[in-house]
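Only one chain comes next, encoded as structure tokens, the form predicted on its own.
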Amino acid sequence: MALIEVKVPDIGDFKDVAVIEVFVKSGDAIKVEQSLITVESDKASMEIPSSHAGVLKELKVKLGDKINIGDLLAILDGVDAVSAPAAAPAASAPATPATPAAAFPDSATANAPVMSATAAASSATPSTSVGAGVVASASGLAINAPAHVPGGTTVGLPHASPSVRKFARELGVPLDELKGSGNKGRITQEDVQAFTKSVMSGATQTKAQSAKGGSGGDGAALGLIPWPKVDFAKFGPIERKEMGRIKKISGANLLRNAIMIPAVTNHDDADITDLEAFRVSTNKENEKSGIKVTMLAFLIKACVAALKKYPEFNSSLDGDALVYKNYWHIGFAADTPNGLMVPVIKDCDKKGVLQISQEMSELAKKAREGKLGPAEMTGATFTISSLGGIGGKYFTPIINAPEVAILGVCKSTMEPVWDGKAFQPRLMLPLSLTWDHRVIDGAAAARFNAFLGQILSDFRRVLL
């Protein structure tokens, strides 16, 4: 056995790209072309494969590190293997409008490098008629790489030139399902393009699609009628823009949650007149600290108190059982230039309003800059979606599975409220609580909202 150094291959015109995902750990058996990490620049993200096979002795990078071409990535214990092809530079990827998500599901090997659809969209060129945005998984473009055996011998390789194989990998096309039209059955680039168009039109299904009984995510597996296909250009000028990677991933999750969860929403109003006055005075007193307390920070503490009183709202379904969590991690929806993200503040029951405000500000900034790590977006037990800075009255937020409830908050308004003798101006905060009816019933939801409103109207109740 020999120690083998795995270095960052030529990934194009990239410099100081950030490591956003790590797939392996010391002791793992690594195959040639197995993805080790994912890196992301301001233009694209891609997975970096191993150039050799062996046992991972040491990974030289961690989440958040910045790497460049030639940097030492890992040290393997094993027999030297044939070097893997360098990850395709994003700038050279062919691109046109992306195909629907999961057009070629599971067509790639588990050890193939992956390039995100963001890269394809950012490097679009008009010279090709096939999109490079075929999404086979939530992480991006699956690449169908040839199999290897020890010593570097390639087995089961389709009859195609290296350039055609590379083109097919970028599209996630399973070459073993194509019939070549070239000399002696050789697969040509035109064959790959024709196969892609056939799958996009629904005339052809890959083996993976057929096995799943689906048809490219158009709802046929649910018994729904086909999605309408319209040539919008015949009605007037149009402009096509590809969705970003985050919107594609979050869109799939939102669709699943909206369909699978029997959700109900309760609307209510909370009187925050006194709490708002306290918030303003708190900010004046802490002006020198630089920490600005928002109403959302108070709302997080209030929600923790309500979750403790009604623990089913802090649970998750696991088959026929409920998992009650004895920790209170609150997610908050953050609007970013790249789409909606949900940072998570951990252990909110152990933190004060000032600390929560500070962490919330830091996480929101990282979200806008695209620097949130996976650990900062996972583990939430309850989520708050606030439109307070924008407007609106009520809305129906979608539950963030596997959570069982989410609170939507809109902009507070001054309204006349009857005190028994006269109408008094009071600052009212609209609350929209969406809950999973499999876990929670209407009475519990009404009590939760009422209790939350009581805390917000008199924050001293949070101490009880």
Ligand code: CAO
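This structure is a prediction, so every number in the text was calculated from the model and none was measured. One rule holds for the numbers: they count along the sequence shown, beginning at 1.
From this point on, the text means the form predicted in complex with the named molecule, which you will not see here.
*Asks:* Which residue among L178, I249, L73, L296 has a heavy atom within 4.5 angstroms of the named molecule in the predicted bound form?
*Replies:* Answer to the contact question: L296.
*Asks:* Just give me the single entry in R256, K346, R368, K166 that has a non-hydrogen atom within 4.5 angstroms of the named molecule in the predicted bound form.
*Replies:* None of the others qualify; the residue that does is R368.
*Asks:* So which of 263 to 271, 325 to 333, 168 to 176, 190 to 198 is the stretch with heavy atoms within 4.5 Å of the named molecule in the predicted bound form?
*Replies:* Checking each option against the 4.5 Å cut-off leaves 325 to 333.
*Asks:* Does any part of K411 reach within 4.5 Å of the named molecule in the predicted bound form? Heavy atoms only, please.
*Replies:* Because a heavy atom of K411 falls inside 4.5 Å of the named molecule in the predicted bound form, the answer is yes.
*Asks:* In the predicted bound form, does I390 come within 4.5 Å of the named molecule, counting heavy atoms only?
*Replies:* Flag for I390 set to yes.
*Asks:* Since only the chain is shown here, I'm wondering whether A364 would be in contact with the named molecule in the predicted bound form (any heavy atom pair within 4.5 Å).
*Replies:* Yes - in the predicted bound form, heavy atoms of A364 and the named molecule come within 4.5 Å of each other.
*Asks:* Against the named molecule in the predicted bound form, would R245 count as a contact residue? Criterion: heavy atoms within 4.5 Å.
*Replies:* The answer is no: R245 has no heavy atom within 4.5 Å of the named molecule.
*Asks:* Going through 371 to 386 from first to last, which residues have a non-hydrogen atom within 4.5 Å of the named molecule in the predicted bound form?
*Replies:* S385, S386, in sequence order.
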